[in-house]
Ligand code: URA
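Single chain ahead, written as structure tokens, the form predicted on its own.
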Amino acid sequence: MAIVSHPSVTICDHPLVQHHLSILRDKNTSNELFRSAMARIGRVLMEEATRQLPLARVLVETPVSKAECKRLDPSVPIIISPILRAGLMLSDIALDVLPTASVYHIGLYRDEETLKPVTYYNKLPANIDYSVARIFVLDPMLATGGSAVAAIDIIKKLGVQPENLYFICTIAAPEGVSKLVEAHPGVRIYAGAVDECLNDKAYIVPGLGDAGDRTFGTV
């Protein structure tokens, strides 16, 4: 199944992403090395996704003279929102890229019979100007798209503009990309790769197995 190109979707084909994807896909990769490769891909994806963040001019004094510089606009809230539990594996590296960001969690799990997402945790505060906030939703796998759509449903109800929402994933399935793009046009998707399809158990093919299990050693 081929993915139709879409302006909201960015596939990061950086050589280092491709290298570390090969490590993630290998069934013989240890949990430790899997976590390391996931973090390295996450950094590249986050650096790519943050290109559009607004800047504000500031005047700083160097050891030699004064210089006009640019910093992230402090009036624009930046939020990192990992989807529990698998999104946690990208959370630390995202916070390393954006150390001034806040981290708010959304807990979702997939019902193994219906394959639909179930929300069990929502920690998004009300005292933020969501109309200008930039939110980075993290989940290493975009498979059916159900969890991604459900998480963004929750976030958009707070008043976040679709173009200020970024979905970061390591690997995606065409079915998940199509579902997310259709449900939430304008949301920007950043992925390391879009694979062939989903199998009858809703696993990405060829994929890398269960990212949460391989990260946390619960296989």
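Numbering starts at 1 and runs along the sequence shown. The model shown is predicted, which means the values in this text are computed figures rather than measured ones.
One more form of this protein exists, namely the form predicted together with ligand URA; it is left out here, but the text below deals with it.
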Exercise. Could you tell me which stretch in 124-132, 89-97, 71-79, 137-145 has residues with non-hydrogen atoms within 4.5 Å of ligand URA in the predicted complex?
Key: 137-145
Quiz item: Is L24 close enough to touch ligand URA in the predicted complex, meaning at least one heavy atom pair within 4.5 Å?
Solution: no
Exercise. Evaluate A202 for contact with ligand URA in the predicted complex, applying a 4.5 angstroms cut-off between non-hydrogen atoms, and reply yes or no.
Key: yes
Practice problem: Although ligand URA is absent from this view, report whether V17 comes within 4.5 Å of it in the predicted complex, heavy atoms only. | Solution: no
Quiz item: Taking heavy atoms only, is E196 within 4.5 angstroms of ligand URA in the predicted complex?
Solution: no
Quiz item: Out of 161-184, which residues reach within 4.5 Å of ligand URA in the predicted complex, heavy atoms considered?
Solution: none
